[in-house]
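One chain follows as structure tokens, the form predicted alone.
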């Protein structure tokens, strides 16, 4: 026994509990000193206060009144984390019901105190196996508690208590759940630990078990009624234990590693519940990825189509601003186009007249859009001919009966032959096919741009439409940076020519901006819906984690008894939520890509991007972080003694 002050000292300790309006006195003025190296048995019947006294001695509980000191230091002012460190470094607990983690192997159970002490994985694995080998369980290190007998489980519990080489072993009814032979083996092991110099506090109701101790404390109704010697003290082989090096700075890293491992173990244990938890996150992330991919594809498609139409165009249409003019609104004339062509920064001009009409070839009739144009139309619209030639100035001046067919029209009228050189009838007038336009695809507004036939404007006005005015004028500017100035110049010119503002001008860059803005709004809307789904998934994660905290309350108590601080428990459960959401995020990204791929198979434009995927995964990750915090906080704030008592 050491010659200094007592290792543990209680002075006038009172512990009361409230049950409604009733006050229960579990301990009533206990004063006790335990020297280092003593073997003390605390004996009493059920309800005498033995377990309450052990909880206070092991810093699992606090006295209501009185003083409790460990190595002369009053622990009353210690916060929860300081008490956890004291339990981790000074005490080893051996419980009646073993209190092993069912999902962990024997070696992993033994390692737990070293995890919270920040020991490296190599060090704690080696020590855990050494302890199990010493206790005769070297060949059972990989077995789970359910695969071990009661005596073997209690030996694992003792090995865990020895993991951090504590000065004090607190054994609460260590033989209560064992048969006679196994109980004797456990008591022999406690004797051996005592001979090594450890302080043993044995809680029991059995006088035969208590007789093993050198000192026997009798409790009755929360009071110490006797303090008598037990057997003769045996010689010890070491006079000081429990002075291992301080906890490593690797504590957080080791704790995180344990938390991740425990998270996957928890997922495997409750596969069906895990699947339901993942479902909300997976759907949310998949929706974000798929919606953004499809939205990005649609936006790119619209931009491509508008760019094909030309982003440096000014479209002059008849009718005063704010008035939707019909096709017969006679305010624009070919002469207006001639005047516009003479302005600065104008690269090409094409007045247009269009209307639906039927084209006949042989016995085949096909209705399409007939457009009267100038040669500048090809440049303004950036539209080349794939076969034949385009309309020239002489065709316009000579009212030539020639036509250029769009690909759709050519395919319907001439499915098996080259149309160039053939003649078609438009309003009973024969027109020679001089060319076929290159394919354009769909317009920004969804119609088929190739379902068209182009004729010289003069021919169209006189032989097809019987009008002298046009539907519009397309103007291509040379320098897009000066588009606004050119638009103002055209407005001034036409206003002077007409004496009023009976026209409207739009530029394709503004159309592009409007289309992009609309598409962005739609993408944000769809993304918001997907994020709401992810939010619902996050709430599901929180609910499941709250259930998990309730189910695993005893586990939390075990971890706290073996030295887990609040941040360790917080990290444990928050990590589990993050792991769940992280897995759900990865599965959701994969599912989102799969959905987008299926959409692409049906002709829906899709753009795959790393940023949307990373964003969706990050959302899932932070969903776990945010929604896992409340359950983790609840777990971290549990009272150790209450958690251990949970069923």
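Positions refer to the first chain, counted from 1. These numbers were taken from a predicted model, which means no experiment stands behind them.
Keep in mind that the form predicted in complex with a small molecule is not shown, yet the notes after this line are about it.
Would residue 59 sit within 4.5 Å of the small molecule in the model of the complex, counting heavy atoms only? The answer is no: residue 59 has no heavy atom within 4.5 Å of the small molecule.
Flag residue 49 as yes or no: does it have a non-hydrogen atom within 4.5 angstroms of any non-hydrogen atom of the small molecule in the model of the complex? Looking in the model of the complex, residue contacts with the small molecule include residue 49, since a heavy atom lies within 4.5 Å.
Looking at the partner-bound form in the model of the complex, is residue 34 within 4.5 Å of the small molecule by any heavy atom? Although the small molecule is absent here, residue 34 would stay clear of it in the model of the complex, with no heavy atoms inside 4.5 Å.
Is there a heavy atom of residue 26 lying 4.5 Å or less from a heavy atom of the small molecule in the model of the complex? Residue 26 belongs to the contact set for the small molecule.
Name the stretch: of 49 to 57, 589 to 597, 603 to 611, 576 to 584, exactly one has residues whose heavy atoms fall within 4.5 Å of the small molecule in the model of the complex. Looking at the other structure, the answer is 49 to 57.
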